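Single chain ahead, written as structure tokens, the form predicted alone.
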Amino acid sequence: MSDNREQTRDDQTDYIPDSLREHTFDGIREYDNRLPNWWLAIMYGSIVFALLYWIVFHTLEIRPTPREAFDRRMAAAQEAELARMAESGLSDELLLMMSETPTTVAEGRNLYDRHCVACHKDRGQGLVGPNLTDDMWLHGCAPMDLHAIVADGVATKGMPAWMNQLGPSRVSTVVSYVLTLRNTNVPGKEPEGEPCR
């Protein structure tokens, strides 16, 4: 055992000297050393994993990407929170939370396109009705004020009451969409009412 420890590399019969590669870069030559198997296994495994990941998540879309899965979980959690808040009654906080829920806003946009575009135009810039995108409001600034306007109407201004046609949940949904239009400042009808801050 001690003889083996004292043996130098030059004395080993199975020693294969390092060989230099033929090419030269900036006067530097490199040895032709084989990488260790564990390193090669990690490298080839990473390549295979990357290809499979791309095929499964991006090409064939068999599974949702981690970002999509996260967004779905967050949307489900937000829907559950909305349901919990709805049980305790309609409030400013509930309407604001609805305006931050993509599915509710998309549904509200569809309702807006069907019922509100004639008076408020496609982006809320106002035509017969006021511009919904500025910071000036005629009948109060709170989300519940807006809900009352949509639900009950304003006969003196020609705003119809939508509660009987849409029902409570769809009125809340369209209000949640209108809240997203606030302060987007789309050029249109001149501002009316009082500034809301």
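If you're wondering where the values come from, they're calculated on a predicted model, not measured in any experiment. Note that residue numbering follows the sequence shown and begins at 1.
What comes next is about the form predicted together with a small molecule, which is not displayed.
R123: touches the small molecule in the model of the complex, heavy atom cutoff 4.5 angstroms: Heavy-atom contact with the small molecule at 4.5 Å: absent for R123.
Close approach of P36 to the small molecule in the model of the complex, 4.5 Å, heavy atom: No, P36 is distant from the partner.
Touches the small molecule in the model of the complex: G158 (any heavy atom, 4.5 Å): Yes - in the model of the complex, heavy atoms of G158 and the small molecule come within 4.5 Å of each other.
Contact of C119 with the small molecule in the model of the complex (heavy atom, 4.5 Å): Heavy-atom contact with the small molecule at 4.5 Å: present for C119.
Residue stretch of 53 to 61, 126 to 134, 37 to 45, 66 to 74 approaching the small molecule in the model of the complex, non-hydrogen atom distance within 4.5 Å: Careful reading of the contacts points to 126 to 134.
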